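Next up is one chain by itself, shown in structure tokens, the form predicted alone.
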């Protein structure tokens, strides 16, 4: 049946919860494109025959295949666009370096797009907020306090805060640190916010 493989691509995205990136389905995408090519070639042959022989009975099948081509096209574009939106959200969640398991699920073109998006965002952040720039990825939710209690989940090494104080982040150690300095490490899984 027409368009089944394209619809399966969309269903694949809906099965995975938001914030996660499923593996890029290159084989499924290739099958959809091959189906589109076959539909297009069949339409070309039928259009030529309809014009040459004056066969009006081919028009409904030509229209059906054309509608299937358009549907496949919309499904492929929706699949790729949804993946790009998820990758963009991952940049805001994890920062400029994605975990290896996320990167593994991306195609080469998506990795390239992520690099360009990362550079564009960094350029924008440098252009605002004076000489140092402004990190717009910090404070995704408005803070209730400027300092928070955090616990280190894994050894991270030395961590310097603005006043020059160097703190050693060792596993299971707890610290009272500025929120804006910790948010990135919390999202990366190095620290966790300790609720009192």
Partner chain sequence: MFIADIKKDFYEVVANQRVALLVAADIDGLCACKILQALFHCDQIQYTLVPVTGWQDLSTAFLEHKEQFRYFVLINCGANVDLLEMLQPDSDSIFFICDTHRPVDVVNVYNDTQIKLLIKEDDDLGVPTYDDIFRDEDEEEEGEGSGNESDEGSEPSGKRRRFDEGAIERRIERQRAKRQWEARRREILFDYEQYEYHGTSAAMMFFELAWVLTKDTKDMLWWSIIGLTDQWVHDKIPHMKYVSDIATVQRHVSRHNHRNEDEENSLSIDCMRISFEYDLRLALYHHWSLYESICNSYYTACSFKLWTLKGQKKLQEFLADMGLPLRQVKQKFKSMDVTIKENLRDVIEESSNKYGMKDIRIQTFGVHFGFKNSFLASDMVHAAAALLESTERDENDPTDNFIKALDSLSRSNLDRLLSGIDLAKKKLIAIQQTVASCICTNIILSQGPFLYCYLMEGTPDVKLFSKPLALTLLCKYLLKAFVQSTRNKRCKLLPLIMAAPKDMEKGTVIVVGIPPESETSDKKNFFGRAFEKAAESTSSRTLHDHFDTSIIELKSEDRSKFLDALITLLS
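Keep in mind it's a predicted model, so treat the numbers as computed, not measured. For clarity, a rigid core is taken as the largest C-alpha set superposing within 1.5 Å between two forms. Positions refer to the first chain, counted from 1.
Unshown form predicted together with the partner chain; subsequent notes refer to it.
Trainee: Check each of 26, 57, 158, 132 and return the one that places a heavy atom within 4.5 angstroms of the partner chain in the predicted bound form.
Mentor: Checking each option against the partner chain in the predicted bound form, the one that comes within 4.5 Å is 158.
Trainee: Counting non-hydrogen atoms within 4.5 angstroms of the partner chain in the predicted bound form, say which of 44, 138, 149, 34 makes the cut.
Mentor: After the contact test, the surviving option is 149.
Trainee: Quick check: do 96, 113 and 121 each get a heavy atom within 4.5 Å of the partner chain in the predicted bound form?
Mentor: No, none of 96, 113 and 121 comes within 4.5 Å of the partner chain in the predicted bound form.
Trainee: Choose from 58 to 66, 26 to 34, 45 to 53, 150 to 158 the stretch whose residues reach within 4.5 Å of the partner chain in the predicted bound form, heavy atoms counted.
Mentor: Selected range: 150 to 158.
Trainee: Can any non-hydrogen atom of residue 177 be found within 4.5 angstroms of the partner chain in the predicted bound form?
Mentor: The answer is yes: residue 177 has a heavy atom within 4.5 Å of the partner chain.
Trainee: How about residue 127: is it within 4.5 Å of the partner chain in the predicted bound form, going by heavy atoms?
Mentor: Flag for residue 127 set to no.
Trainee: Considering non-hydrogen atoms and a 4.5 Å limit, does the partner chain approach residue 167 in the predicted bound form?
Mentor: Answer yes; at least one heavy atom of residue 167 falls within 4.5 Å of the partner chain in the predicted bound form.
Trainee: Should residue 172 be classed as touching the partner chain in the predicted bound form when contacts are defined as heavy atoms within 4.5 Å?
Mentor: The answer is yes: residue 172 has a heavy atom within 4.5 Å of the partner chain.
Trainee: Is it true that residue 59 shifts between this form and the one not shown by 2 Å or more at the Cα, once the core is aligned?
Mentor: Shift at residue 59: below 2 Å after core fit.
Trainee: Is there a C-alpha shift of 2 Å or more at residue 182 between this form and the one not shown once the rigid core is superposed?
Mentor: True for residue 182: a C-alpha shift of 2 Å or more.
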